[in-house]
Ligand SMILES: Cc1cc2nc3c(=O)[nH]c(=O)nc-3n(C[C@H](O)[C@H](O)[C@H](O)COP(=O)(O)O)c2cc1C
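Read the single chain below, which is given as structure tokens and is the form predicted on its own.
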Amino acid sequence: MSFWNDLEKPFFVMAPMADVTDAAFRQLVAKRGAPDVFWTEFVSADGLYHTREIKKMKDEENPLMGILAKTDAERPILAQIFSSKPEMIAYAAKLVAELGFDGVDINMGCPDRAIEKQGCGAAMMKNPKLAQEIIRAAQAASNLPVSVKTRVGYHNESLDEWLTALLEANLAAITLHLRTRKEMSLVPADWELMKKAVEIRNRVNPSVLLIGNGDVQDLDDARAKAAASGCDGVMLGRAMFGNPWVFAGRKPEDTPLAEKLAALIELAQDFEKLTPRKNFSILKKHIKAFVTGFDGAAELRAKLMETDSAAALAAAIAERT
């Protein structure tokens, strides 16, 4: 039994997004209406092993360990890891359990070429047997529930083969990004495929939870997609940009500008405190999302893009107001 069994369906979860769902952003969201499950950014299991074990780096000196920083407000929370080596996945899964996470999620869908060259991410869809070995290594390493985030296929949709292989590994949950690796995010997510996925799940392993992901606009849209497809939960990603209130049911237009700008300042301040090894320029994607759709947005956005600290960002916003 795990926290997955206690979630009321449909449930709504945070997508793991590199340089987005760090501790600062997760904390911002948690204060404004938490998702049912949090995800970290993904982290290399191989990297965790080589930096922590071989180099004997202290956790506070290790940038990869910084990705796994969290607060008590983020519960339940999954650490997302990736590797093509079962022994590395086992090491990382054990470490994640020691760090007090609530579950392990394995990335088997990232289309980044550097990740795929390692046989990881979306490349896993080409090797279902290895994928099963990776999953079982994580399951054997700790008592934490293991889940996978993946896509509906590599070049073409292959749910009959790929999803079946994952279901046979007896995961706690599977998140399906409803596009192929080839499609990237260049075409609309095909939510009709979730209906097929649910049928396969019900036939092969009904105990596994299915989470749909792709083009979800807000909580109302998530509820509608869950009802239409029959999935157990829905993952929201880009809908969080500029709207950390999304899991509370707010749409971007529901929040006053002053509240949005205050949230951006808070994010910048926490970013410096909680992710000190990250470059401040990473916040530019958040600046674009928060500072839009009002008179003078372009001018303010241009000024904020030039800032290099939370204090400078707050000062630039104060000048406008």
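What you are looking at is a predicted structure, and each value in this text was computed from that prediction instead of being measured. Don't overthink the numbering: it's just position in the shown sequence, from 1.
Not on display, but discussed next: the form predicted in complex with the ligand.
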Original post:
Among 212 to 220, 93 to 101, 195 to 203, 164 to 172, which stretch has residues whose heavy atoms lie within 4.5 Å of the ligand in the predicted complex?
Top reply: 212 to 220
Original post:
Which one, 31, 278, 285, 273, lies within 4.5 Å of the ligand in the predicted complex by heavy atoms?
Top reply: 285
Original post:
Heavy atom within 4.5 Å of the ligand in the predicted complex: which of 300, 23, 15, 310?
Top reply: 15
**OP:** Verify the contact flag for residue 107: yes if a non-hydrogen atom of it lies within 4.5 Å of a non-hydrogen atom of the ligand in the predicted complex, no if not.
**Re:** yes
Original post:
Is there a heavy atom of residue 238 lying 4.5 Å or less from a heavy atom of the ligand in the predicted complex?
Top reply: yes
Original post:
Taking 4.5 angstroms as the cut-off for heavy atoms, does residue 243 touch the ligand in the predicted complex?
Top reply: no
Subject >> Heavy atom of residue 42 within 4.5 Å of the ligand in the predicted complex >> reply: yes
Subject >> Heavy atom within 4.5 Å of the ligand in the predicted complex - qualifying residues of 144 to 163 >> reply: 149
